[in-house]
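What follows is a single chain, given as structure tokens, in the form predicted alone.
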């Protein structure tokens, strides 16, 4: 995205589009039961590696993606940055709209903990179908989608700061995190986002039939309220946390 395209309107459109990605990723993960062995550190026996199958899949996938240049894009944030190797492909000249301090903001550890401890029990049924590798892959897709949405708060904060620096600078200089959070919070917008995400979950998650009288009409691939809860409890608060962290570094 070119610098001229980073406006509050364009950033909001990007966030709306990311809702689609998250809802589809929720649908994909909901295809599988919990599959607890995917997360059992005693299940995987790989020489030289300590962790669960999902740890193994995420670490190695991020490693390949890093070599391919994924994390050169400022919109992407790895879950295991300490394990990444340098990109092997020529770098693309991404527009540097963000303050350099943005590079130090990565709250994926919080997202990781919330995902496995709080979100998964809401999203999936208990049980085991043996599809552990597929489960881990769908976990990764959903984790990356949530992470991108949350860390996009850096871009939201930047365009808001550029539009009204006079509102933000005094609070930043005073390190007034509460004041910044208040300035960034619009309850009516948050309510609209939650309702839109749940509606998308209803529409995208319904069983489709060519027979308009099919008795499956109205059934969903997962509970649509989970999408709304995801945004209300975690995505929106964490995005604002990223915005505040970014703004506190903006004048450095």
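Fair warning: this is a prediction, and the values are worked out from it, not measured in the lab. Numbering follows the first chain given and starts at 1.
Not pictured, yet referred to below: the form predicted together with a further copy of the same chain.
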Problem - Any non-hydrogen atom of residue 34 within 4.5 angstroms of a further copy of the same chain in the predicted complex - result: no
Exercise for the section: Using the partner position in the predicted complex, report whether residue 9 sits within 4.5 Å of a further copy of the same chain, counting heavy atoms only. Expected result: no
Exercise for the section: Find out whether any non-hydrogen atom of residue 57 is located within 4.5 angstroms of a further copy of the same chain in the predicted complex, and reply yes or no. Expected result: yes
Exercise for the section: Check whether residue 204 has any heavy atom within 4.5 Å of a heavy atom of a further copy of the same chain in the predicted complex, and answer yes or no. Expected result: yes
Practice task
Given that the partner is absent here, state which listed stretch (91 to 99, 175 to 183, 157 to 165, 106 to 114) has heavy atoms within 4.5 Å of a further copy of the same chain in the predicted complex.
Solution key: 91 to 99
Practice task
Taking only heavy atoms into account, state which residues of 61 to 81 are within 4.5 Å of a further copy of the same chain in the predicted complex, ordered by sequence.
Solution key: 61, 64, 65, 67, 68, 69, 70, 73, 76
